[in-house]
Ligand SMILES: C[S@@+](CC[C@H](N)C(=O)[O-])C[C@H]1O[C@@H](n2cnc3c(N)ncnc32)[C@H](O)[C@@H]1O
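Shown here is one chain on its own, the form predicted on its own, set out as structure tokens.
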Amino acid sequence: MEKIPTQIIREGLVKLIVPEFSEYLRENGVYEPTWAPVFYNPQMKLNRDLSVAVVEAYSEAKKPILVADILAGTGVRGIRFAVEADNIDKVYINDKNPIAYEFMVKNIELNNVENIVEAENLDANLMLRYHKFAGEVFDYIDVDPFGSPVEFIDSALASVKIGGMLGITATDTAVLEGKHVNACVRKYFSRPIKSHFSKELAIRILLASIVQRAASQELGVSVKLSYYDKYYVRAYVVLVKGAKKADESLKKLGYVVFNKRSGEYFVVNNLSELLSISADKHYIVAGPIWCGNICEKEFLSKVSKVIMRKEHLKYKELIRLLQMLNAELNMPPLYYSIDMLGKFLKKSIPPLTSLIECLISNGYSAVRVHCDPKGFKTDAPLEVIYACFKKLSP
């Protein structure tokens, strides 16, 4: 570590020793965190900010809680939990990279949290299994890898308490959004499609994979909060014990049928319903996907309250994300894109706000989506959407 150029930065309420960004720049001058000897990505700050609020909101009914960040890098997330979140008993931060371990130890000392945070230097799966073998299971486990989280989910499910929470990130969005179909089937047990709603499809494929893996351990899944931001998907789920609970969660999986010719899509809840669909070469099927809400209203409210009482978290981008997620509650799965409508109808694109207002004036619900600036959800049939678009098209 002595030979690595470093700097001290602030994130949230903590100070951090991290690699010197200027030493690991792309040709365009942008810092590339994967080139540094220890991973720290400043672009994931919102992810970590929200995780602080989520952990505190979750812990209010469980306090104090035992936390594990199994892919910790510099230790930033786990140290922020210890400093910024209430109701924390102890945090284990772990990374198999020995250089990362040195950074974690230094950052623990820098923030004076030696009494709450402990660093470990193990393979993430081994770390979880070791603690489980020693009789120590966690209230909250954070799984935030570079790429897919699937290789860590089974160990996390086995090492979290009943009623415990997992926070899971997937950054392999090219796979989840349908650019690499076979990879998605292998990793997530789900077939994706490239479409205008692929970003939300990515969320629902990740959730479906978690549900299926949890069901194999006779665990049900309660989805508390999930979203798409920049280039990653993030999901927070609580585990519920029992085969019946697992079966209930599995019943919330389904498939999306997409018509490539018209842009229409619809969701079915079981394979038998697919048999009634005409054999049209323009139809393609994706799934299984999670068909329930991607957030829980009550939990969103708790998280929002935490953010509003913590000044360093109370900023526009984070508040807007939660507001948009709240607006999407109880709307149908997936969404339409105004650009897609223009392409299918071969017409100029009107303002999205005007289209939403037209749908509402016709007695339907319609909202923008958090994951796509050109996207909107509505319960209006496609012919009504088309009619409003044509009416408004310049």
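Numbers follow the displayed sequence, beginning with 1. What you see is a predicted model; the values in this text were computed from it and never measured.
One more form of this protein exists, namely the form predicted in complex with this ligand; it is left out here, but the text below deals with it.
Quiz item: Residues in which of 182-190, 121-129, 262-270, 213-221 have heavy atoms within 4.5 Å of this ligand in the model of the complex?
Solution: Going through the listed ranges, the match is 121-129.
Quiz prompt | Residue among Phe152, Tyr227, Phe258, Tyr92 with a heavy atom within 4.5 Å of this ligand in the model of the complex | solution = Of Phe152, Tyr227, Phe258, Tyr92, the residue with a heavy atom within 4.5 Å of this ligand in the model of the complex is Phe152.
Quiz item: Can you pick the one in Lys305, Lys245, Lys194, Lys96 that has a heavy atom within 4.5 Å of this ligand in the model of the complex?
Solution: Answer to the contact question: Lys96.
Quiz item: Should Asp144 be classed as touching this ligand in the model of the complex when contacts are defined as heavy atoms within 4.5 Å?
Solution: So Asp144 counts as contacting this ligand.
Self-check item: Touches this ligand in the model of the complex: Arg48 (any heavy atom, 4.5 Å)
Solution: Contact check for Arg48: yes, within 4.5 Å of this ligand in the model of the complex.
Practice problem: With heavy atoms only and a cut-off of 4.5 Å, decide whether Val76 touches this ligand in the model of the complex. | Solution: Residue-level check for Val76: yes, a contact with this ligand.
Quiz item: With the cut-off set at 4.5 Å between non-hydrogen atoms, does Ala72 touch this ligand in the model of the complex?
Solution: Taking the distances in the model of the complex, the answer for Ala72 is yes, it comes within 4.5 Å of this ligand.
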